[in-house]
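Taking the form predicted on its own, here's one chain by itself in structure tokens.
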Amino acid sequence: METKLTEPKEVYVLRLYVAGQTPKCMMAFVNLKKICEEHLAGKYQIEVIDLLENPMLASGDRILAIPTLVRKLPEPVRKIIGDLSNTERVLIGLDLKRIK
């Protein structure tokens, strides 16, 4: 029996820091989900961290503004602040699209 080795999938581990369910925070999640489905289908994990519930978690990733998206993996860590409505900026920030 022959075993084929497959390339390990690169998984994007994303952390979205929010403060409650404000319109801007909700929009950031909706925009992130849409971008991930279009560009990273099956290759991403999103963790939403509500700083109203867990304010101490902000210091670990040095969160200064919300909403903030942190790409934990693949390294290096990258951060994007805002509602993620500028898809082009998010793709460049996540290193999914190169600047021309």
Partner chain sequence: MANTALKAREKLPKSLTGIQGLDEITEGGLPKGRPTLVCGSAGCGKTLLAMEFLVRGATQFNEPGVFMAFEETAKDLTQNVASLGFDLDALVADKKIVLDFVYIERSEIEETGEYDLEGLFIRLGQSIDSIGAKRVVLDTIESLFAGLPNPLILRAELRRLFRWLKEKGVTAIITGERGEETLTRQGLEEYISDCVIVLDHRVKDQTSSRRLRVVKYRGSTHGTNEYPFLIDEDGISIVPVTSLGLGHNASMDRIPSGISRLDTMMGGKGFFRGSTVLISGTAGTGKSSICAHFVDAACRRGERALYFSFEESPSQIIRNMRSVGIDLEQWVKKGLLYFQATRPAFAGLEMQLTMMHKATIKFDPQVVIVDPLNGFITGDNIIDVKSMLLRLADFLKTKQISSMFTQLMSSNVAHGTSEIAISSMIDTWLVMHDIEISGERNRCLYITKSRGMAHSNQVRECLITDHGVELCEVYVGAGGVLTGSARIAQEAQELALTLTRKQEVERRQIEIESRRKALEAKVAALRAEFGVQEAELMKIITQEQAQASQLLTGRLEMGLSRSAD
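Computed from a predicted model, the values in this text were never measured in an experiment. Residue numbers count along the first chain shown, from 1.
Form predicted in complex with its partner chain: not shown, discussed below.
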* Distance check, S85 to its partner chain in the predicted bound form, heavy atom within 4.5 Å -> yes
* Asked: Does the 4.5 Å heavy atom contact test between M56 and its partner chain in the predicted bound form come out positive?
  -> yes
* **in the predicted bound form, L64 touching its partner chain (heavy atom, 4.5 Å)** => yes
* Although its partner chain is absent from this view, report whether L73 comes within 4.5 Å of it in the predicted bound form, heavy atoms only. => no
* Would you check whether its partner chain, in the predicted bound form, lies within 4.5 angstroms of a non-hydrogen atom from each of C36, V48 and L96? => no
* Asked: Which of the residues spanning 18 to 40 lie within 4.5 Å of its partner chain in the predicted bound form, based on heavy atoms?
  -> A19, K24
